[in-house]
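First, one chain by itself in structure tokens, the form predicted on its own.
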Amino acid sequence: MTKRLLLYSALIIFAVFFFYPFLWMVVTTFRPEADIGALSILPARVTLENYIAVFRKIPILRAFFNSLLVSVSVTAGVLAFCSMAGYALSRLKFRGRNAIFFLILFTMMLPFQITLIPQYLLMVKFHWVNTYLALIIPFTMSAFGIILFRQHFLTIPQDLIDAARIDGCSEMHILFRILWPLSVPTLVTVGILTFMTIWNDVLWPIIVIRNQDLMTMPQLVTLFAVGGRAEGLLGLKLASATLLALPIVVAYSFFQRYFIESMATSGLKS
């Protein structure tokens, strides 16, 4: 009993230390700029001036639409194409299957910066700079997604797939009509991780997008915070950061059960 009490006490203390900065950030956005230095959590005076100023200074709603469009499109592409690749690597027999799998594993060890310049040159050659295509197409395949789908599909009984083939189902029908309903936790996990990665990406949009009407929310907020348009006001910067983080928090709150279930049950069966 004493050990459990000490354990829970330690967990509560660590949770408070972890959660406090986020709570302070959100509360501070409702304070006037002159009161931001106060140490108290509850603001003496609540105001929406910081959020009003953010909406007035930058097209935040347009940037939100751009980020949502890009993130949803990339997530849909990753779920479709990575599940196809994962199914092929796990259930289809062809020459070089293991070599392709190990090559995909190898690409996960390469930092994104190595392929940054060649990828940008491709965007220039395709005339995709300053278009949504430059933000979507290069990221519709994910090595991590392929591996996670492959490992999950290996846990599904082969008899189920063989029965579907005997009934005349095509491979695409087996994947999308039979395996997908059995793979909800994995789909949610890959979807959440992909959505979060694309939503929070700043470097690539800054490289390929110049038109403000096409800028994503992280890109616009970054330029707003460090480019001088926030006029050095901490309240405006924190308000824009809160608006940026809110969709991710909401999405994870809805799907966290599936996310945790998939991460707990996904093995490394070979």
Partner chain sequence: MAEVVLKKVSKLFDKNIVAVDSVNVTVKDKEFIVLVGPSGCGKSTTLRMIAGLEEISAGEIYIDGRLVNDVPPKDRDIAMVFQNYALYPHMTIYDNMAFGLKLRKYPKDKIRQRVEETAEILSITGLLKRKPKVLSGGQRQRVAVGRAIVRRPKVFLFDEPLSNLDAKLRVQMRAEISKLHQQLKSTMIYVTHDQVEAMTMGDRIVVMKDGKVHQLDTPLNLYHHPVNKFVAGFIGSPAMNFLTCRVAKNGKFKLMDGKIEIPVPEKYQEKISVYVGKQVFLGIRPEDIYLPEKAFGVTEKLSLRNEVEVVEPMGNEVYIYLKTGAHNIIARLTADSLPKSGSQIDLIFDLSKMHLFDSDTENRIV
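Positions refer to the first chain, counted from 1. Keep in mind that what you see is a predicted model, and the values were worked out from it rather than measured.
There is another form of the same protein, the form predicted in complex with the partner chain; it is not shown, and what comes next is about it.
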Option touching the partner chain, based on a heavy atom within 4.5 Å in the model of the complex, out of 198, 188, 147, 164: 164
Partner contact for residue 76 in the model of the complex: the partner chain, 4.5 angstroms, heavy atom: no
Any non-hydrogen atom of residue 154 within 4.5 angstroms of the partner chain in the model of the complex: no
The partner chain contact at residue 127 in the model of the complex, heavy atom, 4.5 Å: no
Residue 178: touches the partner chain in the model of the complex, heavy atom cutoff 4.5 angstroms: yes
Members of 79 to 99 lying within 4.5 angstroms of the partner chain, judged by heavy atom, in the model of the complex: 93
